[in-house]
Structure formats: structure tokens, C-alpha cells
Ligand SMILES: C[S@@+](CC[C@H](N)C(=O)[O-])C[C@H]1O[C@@H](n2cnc3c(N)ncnc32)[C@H](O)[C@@H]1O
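Form predicted alone, single chain, as C-alpha cells, below.
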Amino acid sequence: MAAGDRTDFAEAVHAALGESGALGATVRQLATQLDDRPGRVESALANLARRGRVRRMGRGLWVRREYEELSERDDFADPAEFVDRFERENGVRLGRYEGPITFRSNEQLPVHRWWPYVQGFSAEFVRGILDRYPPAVGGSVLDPFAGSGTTLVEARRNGWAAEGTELLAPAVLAARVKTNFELDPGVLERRAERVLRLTARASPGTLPFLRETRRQFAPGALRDLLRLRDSLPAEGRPENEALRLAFGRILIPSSRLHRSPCLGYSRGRIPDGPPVRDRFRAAVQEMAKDLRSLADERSRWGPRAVVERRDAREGAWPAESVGVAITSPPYVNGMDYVMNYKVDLAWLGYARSYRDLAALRRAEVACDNLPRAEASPYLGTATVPDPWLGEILEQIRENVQKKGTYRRDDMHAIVHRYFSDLVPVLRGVRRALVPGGRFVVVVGDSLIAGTYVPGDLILARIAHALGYHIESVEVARSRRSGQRRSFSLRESVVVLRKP
């Protein structure tokens, strides 16, 4: 292609990108608009970027330099505008939560490190909340989205009765094992060695159903994992469940994958790590070490925690039985937990087909991988859980239409269903709380199709409409939008009180 032709095409790309304004566009969207090849569009954008005329904002989104800030859009409602509205309409000023909140600090803590659940909050955060809002006598601690059990572990260690519900089966396994402080470390180590002896004599069994299994693991690691999996004892006995958890823990470290936080392939050559057998033995030994240290706290333990694999939207907790509830639900348009933990689901036998994965995705709080049939009842915006949401859904729909092509043309329905999914959870927890009990929710905001969604404030407003008092909203940390890296998001601690 002649230099003049390249220049003309780059100008055409620049003009097409200008039509999207501050919303921006992806290579695929521009290629569709120009009826040209994506590779040619990508080359033109790279040329324009070198000349400082366009900028890549994140997840493949491009904008012209003059539209770098979303504030350039007349119809854009920014976070400050919603915060101001929240203070005026709900009478609550946003505060600041001081202290660590993310799960990362748990990775080196006894018991919490037994299974890496990267989406959770920190043990220190849970302890701080329990110190601030100790349950009344007879009231338990509840986590309706229990994950791998951080809330339940800390509640039990500090003398409280604890209960939790969770749909993701590997996380349920983790929570049950981590809250079973009575596990005998010596028995656990001896049974692990018995498993390893069986593994040495076993033949590799059937591959999990995941199509990409051979790509995910080096051949030697794959053979050893299959032998180890087929040598594990059946679930049922507490020590057997602990061994299965140790196996689940080593799956990703033994693979070519990483989870930080989303599941994906590591770039470049993966250095050889410890053999699978050594990883498994080390995981069990770490469990045994932590159990021995826990025994010194036996006099402080609360009763056995109750962990159920159940949909939090069922809200079937006994009335006025809970002193404080602490949780972090999925974030709007956030993590696809089924995709992120599909390896664990498949290898541990909790899913045996892609149909099983699809059924689990349909049952969970909505994310943008929800099947269209599940989102279609939420395409309308006339009936929504909060008036702000109606405005936001209309803006998302308009922005998707302006873009021409988008990963989903029903994104507003996904967001609508997300908040609708939270309503029965809020209602069920309110019923379960004792009068004066608190529901502490860690939740974040989002940027979706160029529309700001204040997830923390909308959740608080929905809760208020259901009869809660909004006690406080405290900003815990800043985050970056994956869609537009220059856009700052927040994660907040919302405290709701039952009158």
C-alpha cells in the first residue's frame, strides 16, 4: 500500500473514531463501521497513537485524544454527581474506611491460605467489623455470599456462631474444611501419604471434560494430576474433604494458567515448579501446621459453622436469628465466577459437562456472560428496584446503540437483572436480622458502555426502600476501570441497620 493510501486510511479511521466521541470504539467496531479488515484498522490506530492523535484506554477501547476524558460528554453523569445526589436525597455523606480490605493479605495467614479465593475480603476487615458490631447474645454471624469462608472462619475463631451460603461448590468445600478446626493434623498427614503411595502405582485416568485441558497443563503435570485425582478418597469424612481441598489448591499453580483475578494463560515460558506430589504434600503439611496452632485457641472457638451450598436469593434463614451479616456480593458486570473456577469445578467433579457450567451460570447473580434467555425478562426499564437505575439503564442502552457493535446489545438488561437479583437477598437478610442488627456489605461501582453505575449507592438506596436504615457508606479503596484505565472507581463498605 502506498504511503498516501495509508495516510488516507488513517484519516478515515480518525474520523470514524471521532463519531463515537468520548464513548470510544474498539478495532472490531471501527472495522465494521468502515467495512474493512481489523488488522488494517489496528495498524492505522497504532500509527495515529504514535503521532499522539488517539489513545488506547483499556480492553481494546480507543478514543481520539480530545475525548480522553468522559467529562467531555454532555450526557455523562460522573461519580461526584451521584455522590452529591445521594447526600441530598438520602442524607448520608460518604466517609472513609481505614484499614486493609482485599483478600490478598489473607494469602499468608493460617487457615485462610488453604485455598486462594482472590475475590474475597481480608480477615482483618472481618475482625474489625465484629469488634465494631458484635452480635447480641444468641445472634449468629451470617455471610450470604460466603465464598471460601473468611467471615465464617473469623467469626468462629472469635467465639461466635456462624453460618453461610454459597453456590460455587469448590468454595463451599473450602469454607467447610477451613471452619472445621477439629480436624486431626496427624490423621490428615497419614492419609495424605497413603494417597501419594496409591498415586505412585496408579495409571492416568480420564481427562476432565474441558476442551482446553491439554493446553492448560504440561504433559508430565497432567499425568501426575490425573493419578492424584483418582487416588483421592471419596467425600464424606472431614479428612477426605481436606485432602480434596489440598488437591484443588494446587491445580492452578501446577498449570500454565494464572488467576489474578481472572483466569487466563500466563505469558512466556512457565518455569518448572515443584512436582505435583511435592505441591500436594506441602499443601497438606501447611494445613496440619495451621491446625496445630489453632488448637491453642480452642477455649475461644465458637460452635461448628454451618455452610450450605444454596442460592442466597432464597433467603431461608430463620427470622431474627442473626446479629450481624457481613458479605461481598458479585459486583455489577463483574467476575464470571463459573469461568474463573471452571478448572476447579471440572477436576473436583462438581461439573461434568459444559451444560453443568451453563446451569450454574444461570443460577448465579447476573454477570455479562449470562445467557440471553435469562436476561430477556429484564429488557424493559419501566419497573426497576430504584429510580436512579431507570435513568442509568436507558443511558447504557443508548450508548450501546451509538457504538453500533458491542459485546452485548442487552447490557442494560444484565445490569437490570443484577440489581433485581440483590433484592431477595436484602429482603431475606433483613428478615433474619435481630432488631438493631447490621448488614455490612462490601461492594463496588462500575463503568459499563461508557455509563457510570454507582453500585454501592444504588444497593444502599434499594435497601432503604426495603426497610433498612443506611447507617454509613465508607470508601475503602480506589480501583481502575478495566474498560477505561484512566477512570477511577471505588470499593465501599455499606452498613445497613434493621430498625
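These figures come from a predicted structure and were not determined experimentally. All residue numbers are counted from 1 along the displayed sequence.
Beyond the structure shown, there is the form predicted in complex with the named molecule, which is absent from this document and is the topic of what follows.
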{"item": "Residue contact check: Ile129 to the named molecule in the predicted complex, 4.5 Å heavy atom", "value": "no"}
{"item": "4.5 Å heavy atom contact, Gly248 and the named molecule in the predicted complex", "value": "no"}
{"item": "Contact test in the predicted complex: Arg313 vs the named molecule, heavy atoms, 4.5 Å", "value": "yes"}
{"item": "The named molecule contact in the predicted complex: Ala363, any heavy atom under 4.5 Å", "value": "yes"}
{"item": "All of Asn333, Ser420 and Gly455 within 4.5 Å of the named molecule in the predicted complex, heavy atom check", "value": "no"}
{"item": "Candidate stretches 83 to 91, 203 to 211, 180 to 188, 119 to 127, one within 4.5 Å of the named molecule in the predicted complex by heavy atom", "value": "119 to 127"}
{"item": "Sole residue of Pro135, Pro329, Gly428, Pro385 within 4.5 Å of the named molecule in the predicted complex, by heavy atom", "value": "Pro329"}
{"item": "Contacting member of Trp114, Trp347, Phe280, Phe145, with respect to the named molecule in the predicted complex [4.5 Å, heavy atom]", "value": "Phe145"}
{"item": "Contacts with the named molecule in the predicted complex - residues in 334 to 354 whose heavy atoms fall within 4.5 Å", "value": "Tyr337"}
